[in-house]
Each structure stands twice: as structure tokens, then as C-alpha cells.
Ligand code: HEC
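One chain follows as C-alpha cells, the form predicted alone.
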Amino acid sequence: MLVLFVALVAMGWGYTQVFTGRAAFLHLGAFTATIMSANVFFIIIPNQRKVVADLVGGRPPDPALGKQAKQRSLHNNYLTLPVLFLMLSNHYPLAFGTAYNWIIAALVFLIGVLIRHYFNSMHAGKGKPHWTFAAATVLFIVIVWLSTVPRTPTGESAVSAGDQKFVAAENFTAVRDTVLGRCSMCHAAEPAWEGIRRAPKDVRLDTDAHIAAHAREIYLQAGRSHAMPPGNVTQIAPEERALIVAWFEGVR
């Protein structure tokens, strides 16, 4: 179980290096659910068939098969609640919209294990380990803190040498006006959008330097896809998305 937990945390961190926090959580949920499905279809069911075949044939079944199936079933039991949370996490940006989202995912796994341990112990007649709820509460408080703790913004007012090419592009002025008008109300040092206390994922797009530093993200999220703004709440036009694409691809 410890090895499994380490593997899941490593995958969670890896996903956040490739995808946005929202996508990373969904992929981690799918990865975990795949493990659970593999436990059922490659271990639990085949072992059960072997045991049944032995019983039908009048042979003593191998107890190791039952122990192995029980172990994988227990793993699935403890992973159920974290998987449900991860697959529904799209509705909870405070969980994934932070630089510490992979740590939050790791803590969610621990909270799920603690809750399941309480009910497993109670249903097995081994008492009610109330300490699990105390531990889960502490971990939840840590999650709340991680989801709101500010992080020192990356990038200063000066444009780095590597990003100068994006600022020097002929259509940068038009792109900057688009980003400032469609994105910076959330992605700013002091977001103006109601309910946004801090720039999502600490990505600021309120200066030339910040826009140039996040050129690739702007291109992918608002140019090549319609992922941003969410639900196109700022009504970015197709022409503006095309402008972003032409700007990035022209420099690249």
C-alpha cells in the first residue's frame, strides 16, 4: 500500500508538469481507476475462477490465491473515495488551481484511507477509531491552507532575453490588448473578477513580461483550444484567438 501511495503521488506530480491542475486531477483519477479495474480483471476474478474450479474438481484451493485477491480488494476499498473526489474535482478549482495541487491530491488519498479505515474497523467489530477523523480534519485544514496560501509570483517587470522575441513580434500590441481585455481581470496581482482572490495557478498576465513568459500557455489555452477563459465568460472572439495563434506561431 505504501508503494502504491508513492507511485500515485509521483504520477500526480508528473501530471501537473504536463497538464493544467484541472486536467492533472482528472488524469490522476483515471490512472487510479485503471489500477482498480486491473485489480479486478487481472487478479480478483481470475483467482476466484481458479478457486471455484478447484472446488468443483474436488481439489483443495490454493490459499495464496485468496490472500492475493483479498489484498487487491482491500487496495480498491481504500482507493474508492479518493477516486470519486478526483473524478469530481473539475467542480472544485480551489483544490486544483494552486501550485500545490499535487500535494493536495496526495493528502486527499490519505484522508480517503483514514475514512475507510474507520468504517472498515467499525464493520469488522474492531471498534471505532475516532482518531482517524481527528487526523483527517488536520489534513483537511492543511489542504485549505495550501489552496489559499500565496506564492511569490514568477517573473518581474523586465522581459527576459528568451522572451524578447514575443514582445518584438509585429502583432504583439494587438495580442497584449486582447490578453489584458480578456484574461487579466483574473490573471493579475489583484484580480478584479468577483470571487477570484489570487491569480489562478499564480499566472499573471498583466504586464508585457508576464504575457511573453506565458506565451505558450496563452497559445494552447486561448488560441488552439477554448479552455480559457472558462466557458468563454469574457467573450473572446474567434478573430482574437486566431490573432494569438498567428502571434505565437509566427515567432516560433
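The term rigid core refers to the most C-alpha atoms you can superpose between the two forms while keeping them within 1.5 Å. None of these values were measured; they are calculated from a predicted model. Residue indices: 1-based, along the sequence shown.
The following text describes the form predicted in complex with the ligand, which does not appear among the structures shown.
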By the heavy atom within 4.5 Å rule, which residue out of Ile35, Ile196, Leu65, Leu26 makes contact with the ligand in the predicted complex? Ile196
Would you confirm whether the three residues Leu110, Arg116 and Ala135 all fall within 4.5 Å of the ligand in the predicted complex, going by non-hydrogen atoms? no
With a 4.5 Å heavy atom cut-off to the ligand in the predicted complex, the contacting stretch among 26-34, 39-47, 55-63, 222-230 is 222-230
If you check in the predicted complex, is Ala213 within 4.5 Å of the ligand, heavy atoms only? no
Within a 4.5 Å heavy atom cut-off, is Val203 in contact with the ligand in the predicted complex? yes
Just to confirm, Met185 within 4.5 Å of the ligand in the predicted complex by heavy atoms? yes
Should Glu217 be classed as touching the ligand in the predicted complex when contacts are defined as heavy atoms within 4.5 Å? yes
Please say whether, between this form and the one not shown, the C-alpha of Arg224 moves by 2 Å or more once the core is aligned. yes
CA of Ile196, rigid core aligned, shift of 2 Å or more between this form and the one not shown: yes
Core fit, then Ala69 C-alpha moves 2 Å or more between this form and the one not shown: no
Outcome for the Cα pair Gly21, Leu180 in the predicted complex, compared with this form (closer or farther; change of 3 Å or more): closer
Cα of Phe25 vs Met228, shift of 3 Å or more in the predicted complex, relative to this form: the pair sits farther
